[in-house]
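Read the single chain below, which is given as structure tokens and is the form predicted alone.
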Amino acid sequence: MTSRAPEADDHDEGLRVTRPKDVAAGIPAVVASLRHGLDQMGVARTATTLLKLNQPRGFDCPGCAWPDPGPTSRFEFCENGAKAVAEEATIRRVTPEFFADHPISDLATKTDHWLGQQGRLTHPMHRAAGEDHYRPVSWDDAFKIVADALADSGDPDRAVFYTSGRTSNEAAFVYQLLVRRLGTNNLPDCSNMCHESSSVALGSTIGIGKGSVTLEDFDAAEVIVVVGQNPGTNHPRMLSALERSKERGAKIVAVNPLAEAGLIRFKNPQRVSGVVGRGTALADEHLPVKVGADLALFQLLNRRLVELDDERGDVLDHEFLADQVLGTDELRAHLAGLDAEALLVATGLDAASVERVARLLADHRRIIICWAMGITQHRQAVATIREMVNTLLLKGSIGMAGAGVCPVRGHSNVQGDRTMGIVEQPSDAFLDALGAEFGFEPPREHGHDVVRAIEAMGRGDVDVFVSMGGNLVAAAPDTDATRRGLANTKLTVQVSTKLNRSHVCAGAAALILPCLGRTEIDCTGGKDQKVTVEDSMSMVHASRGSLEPASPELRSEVAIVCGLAEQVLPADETVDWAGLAADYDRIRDHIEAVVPGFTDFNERASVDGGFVLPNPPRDRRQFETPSGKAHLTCSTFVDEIVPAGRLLLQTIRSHDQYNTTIYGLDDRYRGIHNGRRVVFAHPEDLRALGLADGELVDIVSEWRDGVERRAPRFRIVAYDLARGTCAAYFPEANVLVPLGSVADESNTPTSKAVVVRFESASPSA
């Protein structure tokens, strides 16, 4: 099976490649922020909107989930946050007239970038089965279409309810309540594709599937290890925290197959030194580990920590290990039995670099380990995270200032959605509390995650697919399988702010329900409402939009969910859906009753800066595992089998995108301009393959199912990255990720470990 690029992509004929940058931010970031804002919003709107971004009485950034410092500056935003706001607050509009002029068959030829640049959706739209156009529909009729489809299906488990990480706590809570009142736990979300591996690994080792540090811990840390993460593009405000850490004497270690500009040097545009000076050098060590070999690296490091402790006696925290940790003797024996030389070869690193980092860890106690999707999307992702936890537990580097685990989440409220119950495998404790609060028995059988939902759609086992935000076609692996799965449903429903690929690749019938954005005033029920979000470090704070809605037809996510519930569950006497829509304080009262840690929620949500949720490992060095102790674990590293003439591909973001939203066609830090269909590979690997920088190739992935997955006409870019590996942007490369290739235990797609070969490029479309 072959996936063709949309015709409008024109195969990136204007693509230009320059030298990669070795510094992030500075004046170019300011210029890019302003240029994007002015292009999308105009002068006055840009100024008034950005000055309210991440402010105590303003709105939360719709981009990443990096926490806000206290106190915040007047310019508490980064380049990509400014782009995210500009995309949402744009003055461009997608009206019913637009859909009248553009049939689906036409929109299907457009690129993801083109679709997103058309502007904000303004009206509910419906495409009936067999038609090629979306047509306007009233809200009441739209809700009735959904209710009728669910009733016709007759089985709630034949419906799937997806959630993106943008959804507020309040909307997420009522959404999962609607789904469980309907009678299913089919609540896949974007966590299934990003940090599910973190949740599984952390829950089994320290008793909670969240990080254990706060932003203040970065000021106290002695060593910060940043693994499989590119903060300069994906979480730019993290660079400010790393800069402060460096000024206080912290050492920073970057573990990544690519050397990323944001971890080489940072020019803080809010400082004189970041404008006219050289900025701040960040990473003291860069370990260009092979894709998928992070487990081998951390086993080497842990083995050396044990060996150095045997020599010195002061490397491990013996008292902590004896009192609060299980598995020390087993881990020591396991590490001693490993083949250190084989592990080193697997990493592709030199022994001296690994030894320097091992001694750095041995000599310090206040250690933070951060990671993102470069770690979570491998077959052995869960084992890798457990091994990183081993490092911290051996050192006693948890539950103390300046130390702990730090999974850096992506979308702005992806962690909060999970806290609110957006999960396909809910705990009995959560379901018990939910049932007690609303007087019903929630379903107990586990539902579909993202991969299993796509598989179920492909089998014809799903009639209705509802997406609260997000863009599943562009976000999910195996693009063709995802597209076929959605097309196999009778109705797809997308709650969205902007046009995206999932509106084009939809079910037999489709609805687009336009919602308010984070930047807009939410006057629902006759009063101005606020919502809340939870960041990567368990801080909960309020968000209040300040712009007039893009259209009077827009409704808040809460209003959409509650309006839908009134149609779908007309006889429901257990939930006052209209009352919840009219006053979000009532929703927060219910959250307080159901979710631990939200005592006095309404009162604390009104406090500038919000409040932090309880975290036993961080707060009390308490581990809520079945044993009551933290767990060291033993894992066996199994290297990926990469046949001769093949490379191991990882999908990555460009600097001009956030998740599936593509702001522009440049990735200036990596030297890519006016194009996205590129594949980065090491010059020596290219020579061995008989290929040259600048050649056009098709990328073909190889998987045991024997299905050919092909991404056509990518330009090779010779780049300094780990040997034996290559990298390409998603969503363009998602077609190469087999649906069945998933991480052990977490079922997360292995988007960072795809065996590929290069072939001569297909003829131009």
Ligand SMILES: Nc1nc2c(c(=O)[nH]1)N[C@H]1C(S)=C(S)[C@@H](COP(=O)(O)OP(=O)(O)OC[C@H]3O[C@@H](n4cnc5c(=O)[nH]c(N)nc54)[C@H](O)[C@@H]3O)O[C@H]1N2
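Everything quoted here is computed from the prediction, not taken from an experiment. Start at 1 and count along the sequence shown; that's the residue number.
The discussion below concerns the form predicted in complex with the named molecule, not included here.
This chain is drawn without the named molecule; in the predicted bound form, the residue among 540, 587, 193, 300 with a heavy atom within 4.5 Å of it is 193. Between the named molecule and the residues 536, 185, 256, 347, the one pair within 4.5 Å by heavy atoms in the predicted bound form involves 256. Although the partner is absent here, residue 211 sits far enough away that none of its heavy atoms falls within 4.5 Å of the named molecule in the predicted bound form. Heavy atoms of residue 544 never reach within 4.5 Å of the named molecule in the predicted bound form, leaving it off the interface. For the chain shown alone, residue 734 is a contact residue for the named molecule in the predicted bound form, at least one non-hydrogen atom being within 4.5 angstroms. Looking at residue 468, you'd find a heavy atom of it within 4.5 angstroms of the named molecule in the predicted bound form. Against the named molecule in the predicted bound form, the set 290, 496 and 651 is in full contact: each member has a heavy atom within 4.5 Å.
Comment: 258-266 is the region of 327-335, 353-361, 258-266, 126-134 lying near the named molecule in the predicted bound form, near meaning a non-hydrogen atom within 4.5 Å. Applying a 4.5 Å heavy atom cutoff to the named molecule in the predicted bound form picks out 227, 228, 229, 230, 233, 234, 235 from 220-244, in order along the sequence.
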